[in-house]
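Next up is one chain by itself, shown in structure tokens, the form predicted alone.
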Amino acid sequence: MRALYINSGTASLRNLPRPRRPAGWARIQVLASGICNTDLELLRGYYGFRGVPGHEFVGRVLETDAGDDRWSGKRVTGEINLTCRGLGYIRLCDLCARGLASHCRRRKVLGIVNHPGAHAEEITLPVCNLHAVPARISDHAAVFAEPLAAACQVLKQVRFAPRDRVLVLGDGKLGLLLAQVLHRELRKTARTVLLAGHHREKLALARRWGVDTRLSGARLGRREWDVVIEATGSPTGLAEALERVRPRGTVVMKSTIHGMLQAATAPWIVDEITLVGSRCGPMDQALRLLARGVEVESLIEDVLPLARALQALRQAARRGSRKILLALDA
């Protein structure tokens, strides 16, 4: 099968053997996958990655265990963390036993850690990782389930108070999703949800959803915001977040960066800032939001076939680009 492959910072299109399906797993035809900033960081050396990247996908189940008809032919997306349960361990690790399966000691991660990803014709995943995609959600929209779930995770991690002022830094794909989700879910309680970014056309898109926006570099205020969500994708993003958040406020870190972050530690110690790392989130909630009309397809810049994956990577790496998809029927 054809697949995008990364090795030593170089990307190529390769013909690889079709993945072997263990018992209790599904073999899935990838209908579409999304290139995200993590894929680009893997190409730059994040995790010392070598293999097939890609963790945002929608697919169709081709094969499961004999006698298991629940998933045959179904459109699915999936949890990207392969944990004790899916990997077949009878004795759970301590973190899985405590309900922290996304941090499983034995964890593999689709397209990131020790499991081939979705920028390929086929993938395999444990059946317990699968989520059915409702018919009303298009293939292109379904690709956004995983990053939308990552946006929803902030709602689980932060206890927002009435009248909070919330600042989202970064108008990339994730920043736009975060701003839209927070605006929808907090508009009855939060005083302000503001998106700050560098790209006028992206900020205009957010304003169509009712989100307040401002160009980065404008007067955002120092030490004023109750919650600052850092989604800049920049090594300097944390430093800016610490400059904006009020004493005893909360900074949520969403960027995954290959390399060292550039920020002094004194501000969050002196101002007693709560710093929250935030990663994967609830896929079921993301699919419900997609079914209810959260707008994601306007974030798509281009859809290319897998055969043009190298061009897709170059487009995705351009400053200010929106989402680039690889699709079976492109």
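C-alpha atoms forming the largest set that superposes within 1.5 Å between two forms make up the rigid core. When you see a residue number, it is the position in the sequence shown, counting from 1. Nothing here was measured: the structure is a model prediction, and the numbers come from that model.
Below, we turn to the form predicted in complex with a further copy of the same chain, even though it does not appear here.
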(request) Decide if the three candidate residues Leu177, Gln285 and Arg308 all line a further copy of the same chain in the predicted bound form, where lining means a heavy atom within 4.5 Å. (result) no
Of 153-161, 85-93, 127-135, 204-212, the segment with heavy atoms within 4.5 Å of a further copy of the same chain in the predicted bound form is residues 153-161
Query raised in the report: Taking heavy atoms only, is Glu297 within 4.5 angstroms of a further copy of the same chain in the predicted bound form?
Result: no
Non-hydrogen atom contact Val276 with a further copy of the same chain in the predicted bound form at 4.5 angstroms
yes
Are any of the heavy atoms in Ala32 no more than 4.5 Å from a heavy atom of a further copy of the same chain in the predicted bound form?
no
a further copy of the same chain contact in the predicted bound form: Arg248, any heavy atom under 4.5 Å: yes
Assert contact residue (a further copy of the same chain, in the predicted bound form, non-hydrogen atom within 4.5 Å, options Glu122, Glu240, Asp226, Asp139) equals Asp226
Of Leu43, Leu289, Cys280, Leu304, the only residue with a heavy atom within 4.5 Å of a further copy of the same chain in the predicted bound form is Cys280
Taking a further copy of the same chain in the predicted bound form and a 4.5 Å non-hydrogen atom cutoff, the residues of 83-107 making contact are Leu95, Arg98, Leu100, Ser102, His103, Arg105, Arg107
Rigid core aligned, does the Cα position of Pro267 differ by 2 Å or more between this form and the one not shown?
yes
